[in-house]
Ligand SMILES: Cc1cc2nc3c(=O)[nH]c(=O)nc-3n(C[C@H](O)[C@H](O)[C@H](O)COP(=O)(O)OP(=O)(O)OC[C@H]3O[C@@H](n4cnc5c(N)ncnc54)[C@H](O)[C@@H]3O)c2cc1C
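What follows is a single chain, given as structure tokens, in the form predicted alone.
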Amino acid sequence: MADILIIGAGVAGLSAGIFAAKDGHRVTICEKHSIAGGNLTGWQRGDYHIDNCIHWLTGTNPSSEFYDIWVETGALGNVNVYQPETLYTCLYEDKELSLPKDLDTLERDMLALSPEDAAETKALIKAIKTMQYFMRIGGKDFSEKIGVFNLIKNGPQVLKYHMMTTGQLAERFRHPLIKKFIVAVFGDKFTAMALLTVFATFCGKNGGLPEGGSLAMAKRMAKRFTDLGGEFMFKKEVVKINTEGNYAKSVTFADGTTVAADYMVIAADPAAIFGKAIDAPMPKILEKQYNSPDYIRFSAHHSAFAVKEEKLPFSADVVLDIPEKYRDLMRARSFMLREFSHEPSFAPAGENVFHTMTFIGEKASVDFINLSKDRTAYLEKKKQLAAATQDIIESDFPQLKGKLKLLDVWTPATYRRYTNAETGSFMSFILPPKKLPKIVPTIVKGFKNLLLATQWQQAPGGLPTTAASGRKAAEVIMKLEKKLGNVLAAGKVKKLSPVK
């Protein structure tokens, strides 16, 4: 049994803590915030709940590779999983196109909208269905995986989408609404393979919404951790990882206290740790990605509204265009409007709460962070964003005019403040085309007991990758302990227990 200290109580830290505690170790998770969850969170504004994180949770299909990890960590527990009828909807003139939960329906809708795009549409749908088999959610009951022969046969038809960006894929279609539909979620610089993955996931009953939303899921994971004997240390920001030779010996917190451990797991943005809390270089793969113009980090700014209407004029997510007059202010050309009518506890009876998500690039994100240093200017910017957003919503849905109540505005500076993410990014790098995702090793080079558990170890990150990185860290610790146990049994070394 070892003493393990995990830096960060986000999904990666919770997952690492849960699996390490299941293995019988003494585990402590330290967190600068007052609650666990990281980006997996939500908060109250009066009678309304604002959900920050989950748009779709990959791994809600029992046949998928990530389902077990969500069950083991308590993320799903015994809660219901809501499967929306659509993931998002795009509008163009008097037409609309949605991503429905059925791929045959999507194919039918795209063909009806644009018969001249039939060849590209059929190729895309076929590739998405093949992707579902790769993900073990293929077939009519979404539970089949692909065999070796079919992998060799059908692999190239999927791989070709990784050779182009979403923008390049959009240009293969003629209809302007389909073009817009292709780039609506990720913009035009992501590998098109990411789009196939999202479509395959959602249409494979593998991207549902756990009951209660993001904060409830984080609380279930935190309870699972403490039920296994794990302990939290909240409001404990690590400012120094103290090392001796090739061992991480202890951490020093902002309040001056120190805690030692046998193993330490960094479950935070590596850019906030290496060269800052620890006098050691960042892993080479990560350093190259942080410095490469091809690996872009993105974030978003959001506005949340309440409305005293029992039924909204839109459902699920809808993409709205940003008029020219607001594009410089909002740093984008469109935003996503999302409603939560499937969660009746999020608003009083007869009312609704919804919020916007405006994806922005790395430079715009950093600009928000820098602006936040001038509180007056920052608050004024948020006020302007909310007013512009409300004007766009009321223009597109005039029946809501004069009925919206602003609840909150949050930006990349908010993510930076609460999670220490360097650029306020809630996911890691945009995966560029033609590049296969590289996996950063779990053990930090130059150390025997310092490990990584973070979404930054494999682009583009996200909740499943994050949880898997935590499980991997726990597995590596078990291997190291087994190896140490063999050495101890041979009488070659004496193990030293840390003192807290």
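Start at 1 and count along the sequence shown; that's the residue number. Small disclaimer: the values here were computed from a predicted structure and weren't measured.
The same protein also exists as the form predicted together with the named molecule; that form is not shown, yet it is the one meant from here on.
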With the partner omitted here, the residue among 319, 127, 312, 273 that in the model of the complex has a heavy atom within 4.5 Å of the named molecule is 273
From 260, 371, 388, 427: within 4.5 Å of the named molecule in the model of the complex by heavy atoms is 427
Candidate spot 56, 267 and 455, all three in 4.5 Å heavy atom range of the named molecule in the model of the complex? yes
Note to self: At 4.5 Å between heavy atoms, is residue 444 in contact with the named molecule in the model of the complex?
What the structure shows: no
Note to self: Check residue 7 for me: does it contact the named molecule in the model of the complex (non-hydrogen atoms, 4.5 angstroms)?
What the structure shows: yes
Exercise. Does the named molecule come within 4.5 Å of any heavy atom of residue 76 in the model of the complex?
Worked result: no
**Request:** Check whether residue 472 has any heavy atom within 4.5 Å of a heavy atom of the named molecule in the model of the complex, and answer yes or no.
**Result:** no
Only one of 60-68, 463-471, 444-452, 431-439 sits within 4.5 Å of the named molecule in the model of the complex by heavy atom distance, namely 463-471
Residues in 33-49 that come within 4.5 Å of the named molecule in the model of the complex by at least one heavy atom, in order, are 33, 37, 38, 39, 40
